[in-house]
Every structure is written in C-alpha cells, then in structure tokens.
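Just the one chain here, the form predicted alone, laid out as structure tokens.
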C-alpha cells in the first residue's frame, strides 16, 4: 500500500480516451465532453488500473463506471449498499438502451429467473448487487463464465471503520480478487479524508491504485448556519422560501421527524416523514412519493438519503447538528446534484449537540465498539460544532477540512461571505469580559453558569456561591442571553476557550485565552441573523445561464409532461430528463428533432423515445405565445443549424489555457465562454485569477465605463469591505460578478 494518498486528482500525462468513446458518450447520454475529474477516472478504468475516485455528490461518479462498462466488452459488477440506489441506476440505464440487471431481495421469483437467464446469456454489461450477496460463494460461482473485467464499489467509504457509514460486510469484498483475478477494482466515494482513503485502499486490497481526488467544493450550494430559536417555524421558513421545490429536512430523533412532518403538513406544505421506526412498506411509500415528486419535502432521520438519486433537490435543512463534517458533506451534497443553485441551512443548538453525543456513545458502547472508535466519534462531533461556531467562510472550512486549499477570498455563497452576519464592533472587549469571568469562577463551571453571571442573574445558586460579588457580575447584562451563549461558543470554536468533559462540560482557559486577555490577539465575534428567517434571505448561488434564459411557462409545461411519462413507466421523473435538460430546451426551444440533439443530456435513445412528445409541447407553446424557436441564448441569435458540439474535455482550471490568451486580447466574455465551452461566470472567475497573476491595463471591454462609475460611487457610499452592501445599495440591479470585477481591478491599480 502506498504511504501517502495524493490530494491532486490528475496525473500527468493523463491517458488519452479514444474518439470512439466520445461517439458512444454522445449517442447514449447526449454529452460531448467530460469534466476533468471524470476524464481522469474513466481513462484509468479503461486502462484497467485499480483506482480510488473521491468525487463530491453531483460530480458525475456513476458515469465514470457506467460509460466504460458500455464501451468495453464483458461485464462490470457494481457493488451498491442500497436497493433504491441500484433500482434507480438500472432504470436510468435501461432508459438509454443499456442491458443492466440488479439482483436484490425485492425481485419476484419470475424476475429473478429472467435476471439469471440474462446473466447466463453473457449479454449483461452491468450487474448491480449488494456486498452481502457477493459474500455468498454460490452466487459468485454462478457468475463464473462471464468476462468480469471491472468491479466498481460505490460508497467505498463504507469499508472503513474511520468512515462515516461503516459497514462490516464491505470488508469481505477484497476476497473477490480470488474469484475474478483479471478484474480491476475501483472504489468510488463522495467524502473521504486522507485517513479514510488509506484505509479503503488497504481494506479493498487495491494494487498500486491511481488515487483521484476532486475538489470537495460545491460552489452551487449556499451554506447557512443559524442558532435554533423556534425550530419548527424556522424550518417552515426555509420550505416556504423554496415552495414547490424538492427538499430534505434531517432531524435527530424519530419523534422530531413526526412532529415536524405534522407541523409542515398543517401549514400547507407537501411533506412526508421517514425513519427507521416505520414499517418497510411505509418507508418504501414515503421514498417513492419523494422520488416521483408526489411530495416536495422529506422529513427524515439520517436513515434517509443514501439511496436517493433525485437530482433536483433545491434545499437541505439540518434541524440539529450532524454526527460529523463527513456526514454533513454527504447529506448537504444531496442538494443541487444537477448543478443548479441550492441552499443548505443548519439550525444549531447546544442541547442537540449534547444529546447527539449521548446517543452516539451509547449506540457504540452497545455495539461493542473499541474505545478509540468512541473517542473518534466524540472528536468528530466537536469538529462539527467548531464548524458551526467559527465565523469563517463555510466553503473554505469544508474544503480545508478535507485537506485541500481554497483559493477564493470570498465564496459569495455562505452566511459569512454574503454578509448575513455582522461583525461585533467591540469583539475584543466582550471576549475579555467572557474570559475574565471564566477566570474569576476558577474554570469550574460550564457555559450556562458563566452566562448567568455575566447577565447578572439573581438565581439562588449564584447568590449562594457569592458570585454576585464578582467584578464580572452583570458586565454584559445588556446582551440577549441567546446571543451571549452563542458568543461563548464562538470563542470555543476559535480555540480561545476549551470545553472539558462530556456530560457536564466546563470552560477552561488556554494560551489563546491569555493572548486575548492581555490584548495580544484580536478575536472575531459575529451576530447571526437571529431576527430573520430563511424566507427573508434570498439564496446566494448564481443561477445557471440556461436557468436565466429559460421560458418559465414552457419549463413548467414540460415538467408536467415528464411527470406523466414517469408515472406511466413507473420511474422517477429525472430518469426521463433532468431539470437541466428541460431548462436548456425551454431556453433554446428547438423546432426539430435534430435540433434537440444539440441539448446536452439528450442522446439518440431518449430522442427516439421522448423527442417527439416534448417537441410537440415546445411547438404548441411557441405558437400560442408567439415566441421564437431555435434560440441560441449564449449569443441572443437564431441557430443557423443543429451542429454537434466539438468533443473536448471541459471544465475546471484546465480551460485557463484557452481563456487566458483570449482575455489578454480583450475578447468578449460571451465569445470566450462559447469557444472554451464554459459559462460566462467561469470566464469571469478566470479573469479575476488572471488579474492576481499579472496586471490588466483595462476592463473597459468587459464592463462599460458608466457601469464602473456607478459601482465605484456605490462603494464610496457604503464601503468596500463586503459586496452585499454595494449590491443592496444598487438595488440589486448590478450582478455580484461585475461588482467583484470592478473592485478587483481597482485594488490592482493601487
């Protein structure tokens, strides 16, 4: 096993993928290009080399093992932990004409016989099975005679005891080497620290694997962390803000699931509950209702979600703190898998944190877990708590937790960077008062008691102990109790205070505490948006360009058609077409079947199956509303012909070799975006990066002089520290990208 795991995702040189592969990709899935991370993974798999792929949810992991399986002769075995996940993938593959089979306990006897006969025929390209079934030697012997060239292990973190969803049966998968000695083995997971990656390699017995780790950042997600106040009303606020869209609400306990579900339903929100205490049939019906978009919101414990493949989840709410940052990354990753904007809101409370620690430790002790595992779980909860309490960019905190660098100074998509929180002007003085109080009570009490003293509470216990005579008594009596508690925990999150003990933790000072007390360090305290609800805060993530140009009425009509087709075929709607496909069709409004092939995500099989149905909807809508068809929303001109897009490995920093020369020439952003096959937003991002690397003489080609003057005048009026005040001062009429570009150029000139 290698001693280290590379955090960089792509080796040089990356193996070349044959043109014939791209022809198949276009024909089957309707894509001309791959993301750089997909390209590296697929190249490694086609090469037959063991591989570990760590790619965030929504990054296109499944295509990495599906496309090579269709391209090559023989069979690929896909190991998946959940039946729902297997079923969705098999349904999706059948929709594009791929012979895929799943073997699981839900199949009837005739279905199992048909599946077995199909496997014996040697025509099955992909076989989906659970790890438990593969542990059965009889089943493995049944596969003898098939040319198994690839074993793809989905959710590979389940093999590691250090992972966030350890499953002992995964550890038996290394024995498959003996049965299929010629097969390459590939692990796929969305979240894995370096420690977990090493354990996966060891437990699966991967041989000199290529380790490909994509960026953990999900720029289309907006993260917010807020203190719990009226939790049910706060959850309703988020649901109302996204009314009509799909969302998941995670609760800590079963009783919370039931009470929140009941509350939302009484408030007119389409919601369904899901937890392990329900019968199998009840859980199945709840899951199907959410997947088929019969209901909008699933309220659930963490038992829900791992097998959920619905791509258009627009929000995820955590009603309490998750078990770990890995859990949080995995669970929030179920939002915005289609790449469109989505919001993730976490409502945090100390009470839930303490309850979670007790539940987790009790469960591990009951299961006979070793002491180091119990200790690790405690540390993971504390790391999650620190994330909630520390006022730093949420995207940066998540990316750096997984050992990667975050280059952006501001993400523009979290509560901290959007200005949903305000810096406390007297943070240093307030922190000194809090720390002094901890010192005065001799570091013998917890958060609540220290807060009581600072507020000047006349409780019996405070008076009995004579703590009303302390110099710190009542020093912060003007601060609301909830706010003061939050500031104490912010200091804990920044490492300026420590909590010792588990059941009744007490506050302790450390070296950082003393640095603040003596004036040598400057702490940062923020006020969370405690007086606003998620309903009053707009999502921050920029919409996709297709979304910005889409015909909303046409999009809704096509969603109805998609839902009806899905109901007839008994598959989830996204299996027919994703929201992205419908958005692009509603933006371009193709007038012919050939024109529909210009939409990414429409291959020949789906065109033949559904093209005419959706074409009729588009034609009728355009005729009734007198809107033009065959629109190129990138150029604002009519398409001359439905030409296939050129094949290119797209996305990421690799496209800077294309965009940088054109930016230096001063070409229009839209022209650069089209030629590089990226969004205008990506080109702007590249321009900002270029400005940090070398001087740019002028931005007049990209931002009119009058617009520059307007932005600078607004910045003069409200300051330049944050973008949001400027955006609000300009009445939201100037995009964030233009403001960021202007201020970056201004700083370069100083």
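The structure displayed is predicted, hence computed values, not measured ones. Residue numbers count along the first chain shown, from 1.
This next part talks about the form predicted in complex with ligand ADP, which is not shown.
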- Query: Is residue 34 one of the residues lying within 4.5 Å of ligand ADP in the model of the complex, judged by heavy atom distances?
  - Reply: yes
- Query: Is there a heavy atom of residue 338 no more than 4.5 Å from a heavy atom of ligand ADP in the model of the complex?
  - Reply: yes
- Message: Test of understanding: in the model of the complex, would residue 61 fall inside 4.5 Å of ligand ADP by heavy atoms?
- Response: yes
- Task: Using a 4.5 Å heavy atom cut-off, state whether residue 708 contacts ligand ADP in the model of the complex.
- Result: no
- Message: Can you tell me which of 717-725, 52-60, 699-707, 686-694 lies within 4.5 Å of ligand ADP in the model of the complex, counting heavy atoms only?
- Response: 52-60
